[in-house]
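Just the one chain here, laid out as structure tokens, in the form predicted alone.
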């Protein structure tokens, strides 16, 4: 029951980000929506990888039993770093675009730059 509720929340987060990308016209809002969607996807991956009875692979003298696989954790950390760098690159692109256009609205930019 609790896991189903978490999956529903994560799925709602992904949908909020997806519809934000489609429906928002401001470029900064699109980037923020992409971040929300990325966060939802990462949370879903973490939710799937989590299981009861597994411990984090940290060295200690205590024998705790089964350890969780550290590879998904490393993949998620890599995804977070790559997502952050992509957002930074997109924000730099938006800043350069803002120099030439007085607005960040996509339809205004398309109208101003149409041949």
Partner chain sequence: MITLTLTWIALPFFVGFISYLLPKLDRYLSLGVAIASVGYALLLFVQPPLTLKLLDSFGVTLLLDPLSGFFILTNALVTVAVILYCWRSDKTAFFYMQTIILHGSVNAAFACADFISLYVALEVLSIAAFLLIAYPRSDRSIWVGLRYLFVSNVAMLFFLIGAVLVYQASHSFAFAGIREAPPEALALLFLGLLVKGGIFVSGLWLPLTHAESETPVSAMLSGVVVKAGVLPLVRCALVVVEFDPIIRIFGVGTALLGMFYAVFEKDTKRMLAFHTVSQLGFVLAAPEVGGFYALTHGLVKSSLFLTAGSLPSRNLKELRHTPIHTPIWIALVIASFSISGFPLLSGFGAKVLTMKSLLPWQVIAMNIAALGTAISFAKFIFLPHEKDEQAKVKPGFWAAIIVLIGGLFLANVVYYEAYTVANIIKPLVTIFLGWLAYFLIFRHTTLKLPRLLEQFDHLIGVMSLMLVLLLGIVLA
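Predicted, not measured: the structure shown is a model, and the values here were computed from it. Positions refer to the first chain, counted from 1. Here, rigid core means the biggest group of C-alpha atoms that superpose within 1.5 Å across both forms.
Below, we turn to the form predicted in complex with its partner chain, even though it does not appear here.
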* Going by a heavy atom distance of 4.5 Å, is residue 57 a contact of its partner chain in the predicted complex? -> no
* **4.5 Å heavy atom contact, residue 22 to its partner chain in the predicted complex** => yes
* Are any of the heavy atoms in residue 102 no more than 4.5 Å from a heavy atom of its partner chain in the predicted complex? -> no
* Is there a heavy atom of residue 9 lying 4.5 Å or less from a heavy atom of its partner chain in the predicted complex? -> no
* in the predicted complex: members of 18-44 within 4.5 Å of its partner chain, any heavy atom -> 18, 21, 22, 27, 30, 31, 34, 37, 38, 41, 44
* **Rigid-core frame, C-alpha of residue 7, shift of 2 angstroms or more between this form and the one not shown** => no
